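As a starting point, one isolated chain is supplied in structure tokens, in the form predicted alone.
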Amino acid sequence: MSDLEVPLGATHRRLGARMVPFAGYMMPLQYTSIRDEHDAVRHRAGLFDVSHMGEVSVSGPGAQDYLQHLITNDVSKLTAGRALYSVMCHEDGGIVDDLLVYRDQEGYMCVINAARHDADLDWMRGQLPSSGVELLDQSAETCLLALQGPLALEILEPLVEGGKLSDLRYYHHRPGTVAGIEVRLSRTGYTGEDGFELYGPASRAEELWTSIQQRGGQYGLVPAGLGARDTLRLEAGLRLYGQDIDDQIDPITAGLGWVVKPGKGDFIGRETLLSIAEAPTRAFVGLQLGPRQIARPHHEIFDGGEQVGVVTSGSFGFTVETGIAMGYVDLAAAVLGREFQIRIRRDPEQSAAATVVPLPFYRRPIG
């Protein structure tokens, strides 16, 4: 089965992007270099096409109760115009997927990972009550652009008709018109920077992309690909489904206990997660290596001669200027300042020293 095209596929090729298969789509990995695109987002702004993500609307009189049972976070806290991050779990606590949930006047929109699109829809449909809730997959008709970086507001605000954008707070959203195109404007992202995500009609994706690119050119805006998105999210300590979390990992062990709200009532996996929280055995940690040492997923973590964990994500941190990684270690070993050895080659002698450090590795300056 061939990989699908995102609406902007031809545009990315015209810009010279290196296209790679990802989650069933052909996606831009990079346009120039991952470092240059990473640095642009940290210091100016970058524009990402993430239209491969899935969007599922949830509506009807039973929508809130349905989502309360489906996800671990508390949907009742959402008012129209707000969003939250959560996970869906199996009964054994394993993560089905992580997702964003948006509340508006008509109902909810769930944004799911592209690689989990079909599995998520099957899971969500399998939990539907007999009546009162309607699911609608809007992924194919929706484009998603992410404008990220300290100059994102300055670039985007003049393109927004009928009101200031600076009053849109973090994890809030609203309908808007950008360059004549109706979109959902969301102050969210996956880079650790300020920025916005724009959900619009796939049929007008190129107009939206071009308008932002033309406006942003004077500010040093660059198109950015999946490579920079990965190094940026790693510095920000954000989990990636399929690497850091999956259906064999629960949110407590993954350090996502803050999205688990047992006090809201029953939800799928609640009792298992309560038990895990009482007696955890592993922990998710940040690891700092030297500037010439790079850890990769599946590299083993040792304490002396004993394996105590495994790396799930790793790369060079262009902003923090050293090798960084995240992974799971035995709970007793998860101590800040503890030094491990990561086996970065098949040869047991080829190991790199790594120190447990707080996550995230990078926090954007405020003010």
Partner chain sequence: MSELTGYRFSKTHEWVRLQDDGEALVGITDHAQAQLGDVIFLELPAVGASLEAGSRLGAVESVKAASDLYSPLSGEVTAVNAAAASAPEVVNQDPYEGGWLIRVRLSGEVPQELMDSDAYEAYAEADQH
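This one's a predicted model, so the numbers in the text were calculated from it and none came from an experiment. Residue numbers count along the first chain shown, from 1.
From this point on, the text means the form predicted in complex with its partner chain, which you will not see here.
- No residue in the set Gln68, Lys261 and Phe284 has a non-hydrogen atom no more than 4.5 Å from its partner chain in the predicted bound form.
- None of the heavy atoms of Phe340 is located within 4.5 Å of its partner chain in the predicted bound form.
- Among residues of the shown chain, Arg345 is one whose heavy atoms approach its partner chain to within 4.5 Å in the predicted bound form.
- Its partner chain in the predicted bound form is not approached by Ala202, whose heavy atoms all lie more than 4.5 angstroms from it.
- Its partner chain in the predicted bound form is not approached by Arg44, whose heavy atoms all lie more than 4.5 angstroms from it.
- The stretch that touches its partner chain in the predicted bound form, counting heavy atoms within 4.5 Å, is 30 to 38, out of 54 to 62, 304 to 312, 30 to 38, 325 to 333.
- In summary, among the residues Asn113, Ser139, Gln293, Gln243, the only one with a non-hydrogen atom within 4.5 Å of its partner chain in the predicted bound form is Gln293.
- Contact with its partner chain in the predicted bound form, defined as a heavy atom within 4.5 Å, holds for exactly one of Asn73, Gln288, Thr231, Thr253, namely Thr231.
- Taking its partner chain as it sits in the predicted bound form, the stretch 300 to 321 comes within 4.5 angstroms of it through a non-hydrogen atom at Ser315, Phe316, Phe318.
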